[in-house]
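Take a look at this single chain in structure tokens; it is the form predicted alone.
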Amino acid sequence: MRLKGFLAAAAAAATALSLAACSSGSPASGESGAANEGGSASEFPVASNVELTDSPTFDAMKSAGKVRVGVKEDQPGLGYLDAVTGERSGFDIDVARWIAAELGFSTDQIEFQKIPSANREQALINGDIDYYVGTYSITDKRKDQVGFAGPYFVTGQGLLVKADNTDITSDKDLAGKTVCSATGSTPIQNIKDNYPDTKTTEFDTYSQCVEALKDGSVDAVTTDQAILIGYAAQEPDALKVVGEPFSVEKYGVGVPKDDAALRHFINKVFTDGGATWTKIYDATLGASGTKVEQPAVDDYE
């Protein structure tokens, strides 16, 4: 189906996810570590006797008895941490849990870490995390520093404005305006490279940009439309998404650059796990009933 139709329907999904998170309760007693941050909205069978050789990252996971995953936590429907319940929810969160289960780790062995967009490459290079799942667009520049498995999802760059804004209806109306996005993100670089008459403001997180939009410090927020629709769904009287997507963003799982074995393993998880991918999508972004096909993976070297 057309991307616009999918994204419009995702708004209802984001709202449903927010309500689901509030009613899901706390994790069962006895769980520890990351599970106490909220537990899992979806449980996946934990693989046993995982065969993954020549992967220094996997060896480190086994030695530590846990998997450290970099995520976002301010993106409704994708990667979101509910401040009241402590529940993590969203498509990216469940993809991260799925991969961990395939690697042989249960929910209570996952340590989620919030990593801002600008720090993702360095977190992987430093070994602070084992892999990253958080609207991480695959680009040639990033491939110089890290490896990517996937893509596991495809979206496009869009614009979020105040609900009463009539000046901005598409990216063609950005001249002289101030646009905000996350530091180190591909959307802000796209604005800098291709919209020279547009001013930019950057923060560590998109939620900070949304606050700047609401208080009038900026005229628009730009990132992937799937993310923006989540924010608009939370405050439909205050915010709206305008225009058509003006880029193509392919989300990948970031892994250490020298760990080809882990990258191949995750790609095989995606290739062989179409039914699981669909189940995750239907329970998160597809909660409205909209269907989107899983993208084919590419062996990014």
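For every residue, the number given is its place in the sequence shown, counted from 1. Fair warning: this is a prediction, and the values are worked out from it, not measured in the lab.
Another form, the form predicted together with a small molecule, is not on view; read the next lines as being about it.
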{"item": "Contact segment among 160-168, 213-221, 184-192, 106-114, judged by heavy atoms lying within 4.5 Å of the small molecule in the model of the complex", "value": "184-192"}
{"item": "Residue 135: touches the small molecule in the model of the complex, heavy atom cutoff 4.5 angstroms", "value": "yes"}
{"item": "Contact flag, residue 120 vs the small molecule in the model of the complex, heavy atom cut 4.5 Å", "value": "yes"}
{"item": "Distance check, residue 270 to the small molecule in the model of the complex, heavy atom within 4.5 Å", "value": "no"}
{"item": "Contact of residue 206 with the small molecule in the model of the complex (heavy atom, 4.5 Å)", "value": "yes"}
{"item": "Candidate spot 62, 131 and 264, all three touching the small molecule in the model of the complex (heavy atom, 4.5 Å)", "value": "no"}
